[in-house]
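Consider the single chain below, provided in structure tokens and representing the form predicted on its own.
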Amino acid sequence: MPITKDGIGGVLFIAIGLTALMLARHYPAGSALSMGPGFVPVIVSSLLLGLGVLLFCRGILHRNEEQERVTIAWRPLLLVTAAIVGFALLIQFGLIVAVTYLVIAAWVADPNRSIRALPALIVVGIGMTMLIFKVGLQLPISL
């Protein structure tokens, strides 16, 4: 089955709506006259879930040759996701290690990468991160 933009958007909306609904289920919803902290998240996530289902069904029912097919670039998607997860796991070893890993992983994901640009990217990445988080925001992050 070919993947369409509507189908992908529908699946994304369904995933976000279900996740938000699961997260909001422990908050008391209250009523329309006396709203609890979970009222708006449940309404918004339910609407998003419904919109996702409609969009996904539209993507399935209205498939034709004129509709633009989507090709997912799996390699960059997986590498960038791995970079973000790796950064979250490596931040405990310090900012320099985590940012260096993040820049290298993002560099590998770039199809037009140049080995000569990598050291400059690492230095700029570390420098900007230190300026923002250590100097600007004064967060207690180890280097």
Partner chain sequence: MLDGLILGFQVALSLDNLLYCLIGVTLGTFIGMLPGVGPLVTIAMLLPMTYGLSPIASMIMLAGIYYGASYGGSSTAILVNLPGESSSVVTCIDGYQMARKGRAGAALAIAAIGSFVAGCIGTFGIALFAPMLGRAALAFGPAEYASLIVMALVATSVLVQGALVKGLLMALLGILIGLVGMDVNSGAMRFTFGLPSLMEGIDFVVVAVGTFAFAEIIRELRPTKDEPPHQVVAVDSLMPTAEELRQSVKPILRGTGVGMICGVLPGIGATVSSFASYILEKRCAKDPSRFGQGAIEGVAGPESANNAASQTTFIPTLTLGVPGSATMALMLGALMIHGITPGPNIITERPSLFWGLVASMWIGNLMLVILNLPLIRLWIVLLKVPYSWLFPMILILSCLGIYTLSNEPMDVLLGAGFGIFGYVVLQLGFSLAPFILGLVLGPMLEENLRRALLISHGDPRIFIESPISAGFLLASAVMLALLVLPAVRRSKPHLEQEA
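Just so it is clear, the model here is predicted, and its values are computed rather than measured. Heads up, when I say rigid core I mean the largest set of C-alphas that superpose within 1.5 Å between the two forms. Residue numbers count along the first chain shown, from 1.
Here the subject shifts to the form predicted together with its partner chain, a form of this protein not shown in this document.
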Does L137 reach its partner chain in the predicted complex if we count a contact as any heavy atom within 4.5 Å?
-> yes
Looking at the partner-bound form in the predicted complex, is V70 within 4.5 Å of its partner chain by any heavy atom?
-> yes
Given that the partner is absent here, does C57 sit within 4.5 Å of its partner chain in the predicted complex, heavy atoms only?
-> no
With the partner left out of view, is M128 within 4.5 angstroms of its partner chain in the predicted complex by any non-hydrogen atom?
-> yes
For the stretch 106-124, which residues lie within 4.5 Å of its partner chain in the predicted complex by non-hydrogen atom distance?
-> A106, A109, D110, P111, N112, A117, A120, L121, V124
Tell me, please, whether between the shown form and the other one the C-alpha of A24 is shifted by 2 Å or more, with the rigid core used for superposition.
-> yes
Displaced residue check between the shown form and the other one: I14, CA, 2 Å or over, core reference | yes
Does C57 count as moved between the shown form and the other one, where moved means a C-alpha shift of 2 angstroms or more after fitting the rigid core?
-> yes
